[in-house]
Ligand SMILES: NC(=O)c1ccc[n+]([C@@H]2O[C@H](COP(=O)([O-])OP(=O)(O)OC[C@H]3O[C@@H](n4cnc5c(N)ncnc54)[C@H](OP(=O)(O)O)[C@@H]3O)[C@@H](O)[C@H]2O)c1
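Quick setup: one chain, the form predicted on its own, written in structure tokens, and binding and motion questions come after.
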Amino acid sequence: MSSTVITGASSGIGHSLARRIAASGAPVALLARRGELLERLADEIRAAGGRALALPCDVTDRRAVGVAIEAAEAALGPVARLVANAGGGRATGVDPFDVDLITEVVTLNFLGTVHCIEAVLPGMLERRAGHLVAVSSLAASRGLPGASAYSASKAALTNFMESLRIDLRGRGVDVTVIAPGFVRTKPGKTNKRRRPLRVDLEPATERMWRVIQARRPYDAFPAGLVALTWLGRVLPASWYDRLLAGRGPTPKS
């Protein structure tokens, strides 16, 4: 039987997606750094009659990813689907210009997915069957204030996956990119910054799971924020800069 690998499964979108995928009957290999939370989720899935394996792993560690995928395939069978969800980021600014922080964000959001694809793609190509799914962001559409590293890393991820989709055409491996806007991953938590058009976690992952099942090449939501993002892309640079100046998060010192 084939399996699904999902990264960033210890909380938020990854946690919710893992539960949905496992409920469909697919064995799931759960990857994230926080092993205790992964074990708790794996226990929950097994208690509901599913198959799950917790594999604590930092996706920025290329070797560790390879070891985790080998363990997943040994226990659950060949990887038929990769859901590369692990990601995140902190505010980045210019005073100071923190290259170490930028490198950290880009490595997690972009190279972390590349490491996972490196580990699963050869087997998919050999079997001429597979599905690569990457969770990107609407922030990939254009640079955002205070989020230079995050926007750049998600843009790199989106373009990389699109190139892969073209290169893999006719070889049995499908590629899906999902670009959500703001998702409320911690219900009940107050946020000092008001986020317009924020989507609740469960409706967001329900939509994402439908997209994954349909193997659609690309999906972005919510519609209102997609429309605003499109408008931002067509605005002249001078207008765009003026509208967004000073609106980004302030990096912590």
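Keep in mind the model is a prediction, meaning the values are calculated, not measured. Residue numbers run from 1 along the displayed sequence.
Missing here is the form predicted together with the named molecule; even so, the following discussion is about that form.
Checklist entry - Is there a heavy atom of Asp58 no more than 4.5 Å from a heavy atom of the named molecule in the predicted complex? => result Taking the distances in the predicted complex, the answer for Asp58 is yes, it comes within 4.5 Å of the named molecule.
Checklist entry - Is there a heavy atom of His115 lying 4.5 Å or less from a heavy atom of the named molecule in the predicted complex? => result Contact check for His115: no, nothing within 4.5 Å of the named molecule in the predicted complex.
Next on the checklist: Contact with the named molecule in the predicted complex for Ser24, defined as at least one heavy atom pair within 4.5 Å: yes or no?
Outcome noted: Judged by the heavy-atom cut-off of 4.5 Å, Ser24 is well away from the named molecule in the predicted complex.
Next on the checklist: Is Ala32 part of the interface with the named molecule in the predicted complex - any heavy atom within 4.5 Å?
Outcome noted: Taking the distances in the predicted complex, the answer for Ala32 is yes, it comes within 4.5 Å of the named molecule.
Item to check | One residue of Val79, Ala155, Leu108, Leu164 in contact with the named molecule, assessed in the predicted complex (non-hydrogen atom, 4.5 angstroms) | outcome: The residue from Val79, Ala155, Leu108, Leu164 that makes the contact is Leu108.
Item to check | Residue (of Gly130, Gly93, Gly181, Gly143) lying close to the named molecule in the predicted complex, criterion heavy atoms within 4.5 Å | outcome: Checked against the cut-off, the match is Gly181.
Next on the checklist: Among the candidate stretches 94 to 102, 81 to 89, 167 to 175, 120 to 128, which one is within 4.5 Å of the named molecule in the predicted complex when only heavy atoms are counted?
Outcome noted: The contacting stretch is 81 to 89.
Item to check | Contact set, 118 to 156 vs the named molecule in the predicted complex - heavy atom within 4.5 angstroms | outcome: Going through 118 to 156 in order - heavy atoms within 4.5 Å of the named molecule in the predicted complex - the hits are Val135, Ser136, Ser137, Tyr150, Lys154.
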